[in-house]
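A single chain, nothing else alongside it, follows as structure tokens in the form predicted on its own.
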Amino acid sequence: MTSLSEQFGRDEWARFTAKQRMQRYAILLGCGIVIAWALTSIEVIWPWVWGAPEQIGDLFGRMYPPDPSNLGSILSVLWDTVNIATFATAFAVLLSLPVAYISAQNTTPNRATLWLGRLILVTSRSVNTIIWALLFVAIFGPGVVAGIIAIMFRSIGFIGKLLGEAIEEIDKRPVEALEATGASRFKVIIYAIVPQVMPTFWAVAILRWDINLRESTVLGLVGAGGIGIVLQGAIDTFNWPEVATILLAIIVLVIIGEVVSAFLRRRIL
């Protein structure tokens, strides 16, 4: 019995030509070679890898049951963690507004300010929060101040870039209409640009607060305040039941942050 393609004299349909298939196979082969080379060059101690499940089980055994005897101090530094994330986000939002304005092509005063804004955004996003924290701990000393400034510097690039992109995508007609009436630049910003970017502004601010809440939990590992200080102390003293309590507190905090973020998005957006 002949197929329809033979009856009508047509070739069977194929998604890729033979040349395209060969190119895809070559790419896959190249990726496999690169992955194999990477695995052989990073000097993995494979006996430790194979013994990891046993070590994890042993560690969980030492953590159980969690020790709530130090719960008061844990909750106290947990509140510091929330404060670090909240203040850092608030300051970052304020500082990122002018950066977003000068980094958007349709609002920047000139090309020099455009590249200045882009430089600030790239610098902020290129350096990890932990690196910023190490730098500011060296400047301001250990504590929440270093943590707030570290997260603030990291957040400026994130918020400024997204707001700058939102400004570049606004509808130009309201801006042109106000400019045609002789409105000042300040009024053009307030009445034509701000209303269009407000949804993005609130969405980005809430998202960044949620991210900062998570990042602030580890800043204490380098002395920048928050619950990470207590966690590092418990690990250094091999107090595994207290480590379990701290980890559970962090998980609860993150869940509460998710709930608050979702509530704010529903109410504001």
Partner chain sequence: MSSGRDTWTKPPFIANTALRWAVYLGAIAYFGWVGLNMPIDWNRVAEGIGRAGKIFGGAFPPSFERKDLLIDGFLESLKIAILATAGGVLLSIPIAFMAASNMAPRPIFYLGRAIIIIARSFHPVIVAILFVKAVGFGPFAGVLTLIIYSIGFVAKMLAERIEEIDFGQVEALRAAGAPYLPTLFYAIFPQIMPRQIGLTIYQLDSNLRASAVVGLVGAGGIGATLANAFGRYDYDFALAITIVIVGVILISEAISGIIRKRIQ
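Quick caveat, the model's predicted, so the values are computed rather than measured. Each form is matched to the other, and the largest set of C-alpha atoms that superpose within 1.5 Å is called the rigid core. Residue numbers count along the first chain shown, from 1.
Keep in mind that the form predicted in complex with its partner chain is not shown, yet the notes after this line are about it.
Check: For I139, is any heavy atom within 4.5 Å of its partner chain in the predicted complex, or not?
Finding: Residue-level check for I139: yes, a contact with its partner chain.
Note to self: Is Y101 near its partner chain? Define near as a heavy atom within 4.5 Å, in the predicted complex.
What the structure shows: So Y101 does not count as contacting its partner chain.
Check: How about E215: is it within 4.5 Å of its partner chain in the predicted complex, going by heavy atoms?
Finding: E215: yes, in contact with its partner chain in the predicted complex.
Notebook entry, point to check: Using 4.5 Å between non-hydrogen atoms, is I148 touching its partner chain in the predicted complex?
Noted result: Result yes; I148 sits at the interface with its partner chain in the predicted complex.
Item checked: Contacting member of S73, N106, N128, T113, with respect to its partner chain in the predicted complex [4.5 Å, heavy atom] -> Going through each option in turn, the one that passes is N128.
Notebook entry, point to check: Within 4.5 Å of its partner chain in the predicted complex, heavy atoms considered, which of A183, L94, A177, L134?
Noted result: Contact with its partner chain in the predicted complex is made by L134 alone.
Note to self: For the stretch 30 to 67, I need every residue with any heavy atom inside 4.5 Å of its partner chain in the predicted complex, listed N to C.
What the structure shows: Read in sequence order, the residues that approach its partner chain (within 4.5 Å, in the predicted complex) are V34, I35, W37, A38, L39, S41, I42, E43, V44, W48, V49, A52, Q55, I56, L59, M63.
Notebook entry, point to check: Would you say Q23 moves its Cα by 2 Å or more between this form and the one not shown, aligning on the core?
Noted result: Yes, Q23 moves 2 Å or more.
Item checked: F238 C-alpha shift between this form and the one not shown of 2 Å or more, rigid core reference -> After core superposition, the C-alpha of F238 moves less than 2 Å between this form and the one not shown.
Next item on the list: Establish whether a shift of 2 Å or more occurs at the C-alpha of W46 between this form and the one not shown, with the two forms superposed on the rigid core.
Entry: Yes, the C-alpha moves 2 Å or more.
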